[in-house]
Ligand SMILES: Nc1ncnc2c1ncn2[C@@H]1O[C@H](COP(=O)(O)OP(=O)(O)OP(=O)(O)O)[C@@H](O)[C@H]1O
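Taking the form predicted on its own, here's one chain by itself in C-alpha cells.
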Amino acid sequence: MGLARLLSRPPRHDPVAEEEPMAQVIAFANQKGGVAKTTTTLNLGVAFKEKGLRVLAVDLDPQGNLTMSQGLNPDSIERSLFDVLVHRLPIEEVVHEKEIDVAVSSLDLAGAELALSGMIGRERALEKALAPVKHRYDYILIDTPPSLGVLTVNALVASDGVIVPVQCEYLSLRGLVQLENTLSMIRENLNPNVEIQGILPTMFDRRTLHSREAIEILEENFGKLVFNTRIRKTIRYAEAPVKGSSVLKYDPSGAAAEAYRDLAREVLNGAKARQHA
C-alpha cells in the first residue's frame, strides 16, 4: 500500500477516546496524619456509589488503612500498588471489588519511595497507571500518606483536584501553607491544572470554642474553598473500619453517614458549577 493512500485514510475510529468520559481524579492530601483522609476517601466514595457513580479508591498509603477499612489484610496481599508503580503491573491486577473498587496497598509500598527515586519520570508513575482505567470510572479517589514525598507527589500529578481534610485545631491549619507551596511547584513543573478543590473541616466539636475559632480562621483565609459540611467527632468513624466497612454501611441512617452524603452533594454540585463556568 502506497504512502499517499495511507495518508489519505481517515483516522481510525476510537469509541473510547471519543465517547467515554474520563474519571475525575481527586487526591486527599494533608501531610499531617490523623486528619481523616482515609475516612473521607472511603466514605465519600461510598456516598458517590449510592448516587449510581462508578468509583475507584486508590490506597497510596503504605500503612494500608483504606485497604484494612474494607476488610482486607495488607500483610497477606500478594500484589499491591508497589508492583503497579515500580514493576508497572496493570492496576486492574490490584483492584478488589468491595463496597467500592479498591486498588490495595501493602507494607511493600513503603519501599516505593526509594525504588522510584532512581526512575526517570517517577512523578508520573501513578498517572500512567491510571490512564488505561480512567474511562471505567466516574471518580478515582486517592488516599495519600501523611507526608509530601514521592507518593503524594504522584497523587497530585495524577489528580484534577485536591480535597484537604483539616482537623479543627490551630496546628493543623499551619500545614496548609506547606501543601499550597508543594502544589504551586507541581503546577509549575508537572501538572498545571491541579488545584485545591475544597477544604474539609474534620473532627469538629461544636461545643468547643477552639473548634469554632479554627473554622473562622479557615473561612477568613480560604473563603469559599471551605466546604459547608463539617465532619464531627463520633465513635462511629472508629467503629466502622473494625467491621471492614464504611460508616454508610455500618450505620446508614446515622449522622456520620449523612455528613458524607452532604459532602458528596457539595462536591458534585461544585463539579457541575465548574463545568458551566
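Because the structure is predicted, anything quoted here is derived from the model rather than measured. All residue numbers refer to positions in the sequence shown, first residue = 1.
Separately, the form predicted together with the ligand exists; it is not shown, and the next lines address it.
- Here the chain stands alone, but in the predicted complex its contact with the ligand, taken as any heavy atom within 4.5 Å, falls in 57 to 65 among 57 to 65, 44 to 52, 244 to 252, 210 to 218.
- At least one heavy atom of Gly33 is located within 4.5 Å of the ligand in the predicted complex.
- None of the heavy atoms of Gly71 is located within 4.5 Å of the ligand in the predicted complex.
- When the ligand is considered in the predicted complex, Gly149 lies well away from it, no heavy atom lying within 4.5 Å.
- Interface membership of Phe227, defined by any non-hydrogen atom within 4.5 Å of the ligand in the predicted complex, is ruled out.
- Taking the ligand as it sits in the predicted complex, the stretch 112 to 127 never comes within 4.5 angstroms of it through any non-hydrogen atom.
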